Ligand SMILES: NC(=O)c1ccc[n+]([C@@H]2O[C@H](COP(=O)([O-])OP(=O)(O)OC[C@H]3O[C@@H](n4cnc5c(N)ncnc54)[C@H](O)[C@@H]3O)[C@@H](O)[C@H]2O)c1
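As structure tokens, one chain now follows by itself in the form predicted on its own.
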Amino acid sequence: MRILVTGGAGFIGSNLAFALQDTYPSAEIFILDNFSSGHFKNLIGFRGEVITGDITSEELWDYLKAHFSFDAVFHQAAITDTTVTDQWVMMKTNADSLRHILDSALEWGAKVIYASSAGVYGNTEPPMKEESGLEPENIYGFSKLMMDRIALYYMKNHPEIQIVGLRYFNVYGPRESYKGKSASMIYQLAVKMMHGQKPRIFKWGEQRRDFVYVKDVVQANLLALEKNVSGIFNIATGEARSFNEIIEILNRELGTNFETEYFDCPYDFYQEFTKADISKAKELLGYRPQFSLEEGIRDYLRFIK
């Protein structure tokens, strides 16, 4: 089996590449990345090949179609900074590139598993279900919604290949540090507190998110490869937890007792409450999240330390 992982030097992509390497030791695994937000240190120990390129380049995909053939493509590459407001760049990178990938997959006969986002739901009423509440608050969420629309078009018109979209909720875990300000609040709060600084969050810390550990996200990707299915699925825990709870857990695990500093949220597109309905992923993928927020943070802190 020959596998391509786009964005493989990034946070989720690198975790996925190592899991594929362990799960399918005889597979040939290739990573495609432009290293704009990924980092080579995420790939220390990776035994496959790295192709340096930009997913927006038609010439790149022409080259790959001419020189390679893949059985599966895990598409993780994207602009993941939700504060980027350049609509042209966001749409060209996140949405339009999926067409290049799907056209290539048609030629290869490859299965495509791509990263969508809970950003497609905006501030609609939880629990979020895949077929409703699609009202993104920013261009990032809109670009991911357009990816889903493109994927659904190809599913309908090209049933000869399988396509799976995974709508990640708030993912955290090892290898995200190179994302900088786009790294999860769990990572940022943990590092701040480990350096003896008070945690700072938006007023009043009761915003709730469905936080999902990266190991559960990797599990979902592997299941999507193994199952004979196409479709779009929420990948989360199905539980919403507050930022105040994160700080309580970090204080307990780190043995600290920091008080929280609150400040005004500067964004007008902030999601206040996300919680996924994961029944579809459970039924069709066999997905079962293994990490509660407490368990995920405990496992992650060992890595951060």
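Don't overthink the numbering: it's just position in the shown sequence, from 1. Treat the numbers as computed from the prediction; the structure is a model and nothing was measured.
The next section is about a form of this same protein that is not shown, the form predicted in complex with the ligand.
Although the partner is absent here, residue 36 is a contact residue: one of its heavy atoms lies within 4.5 angstroms of the ligand in the model of the complex.
Proximity of residue 239 to the ligand in the model of the complex: non-hydrogen atoms within 4.5 Å are absent; the residue sits far from the partner. Proximity of residue 93 to the ligand in the model of the complex: non-hydrogen atoms within 4.5 Å are present. Although the partner is absent here, residue 234 lies well away from the ligand in the model of the complex, with no heavy atom inside 4.5 Å. With the ligand omitted here, the record of contacts in the model of the complex names 26-34 of 272-280, 63-71, 26-34, 246-254, defined by a heavy atom within 4.5 Å.
Shown without its partner, this chain lists 179, 100, 215, 111 as candidates; in the model of the complex, only 179 has a non-hydrogen atom within 4.5 angstroms of the ligand.
With the partner omitted from this view, the residue of 285, 20, 297, 12 that lies near the ligand in the model of the complex is 12 [heavy atom within 4.5 Å]. Of all the residues from 169-190, those having a non-hydrogen atom no more than 4.5 Å from the ligand in the model of the complex are 169, 170, 171, 179.
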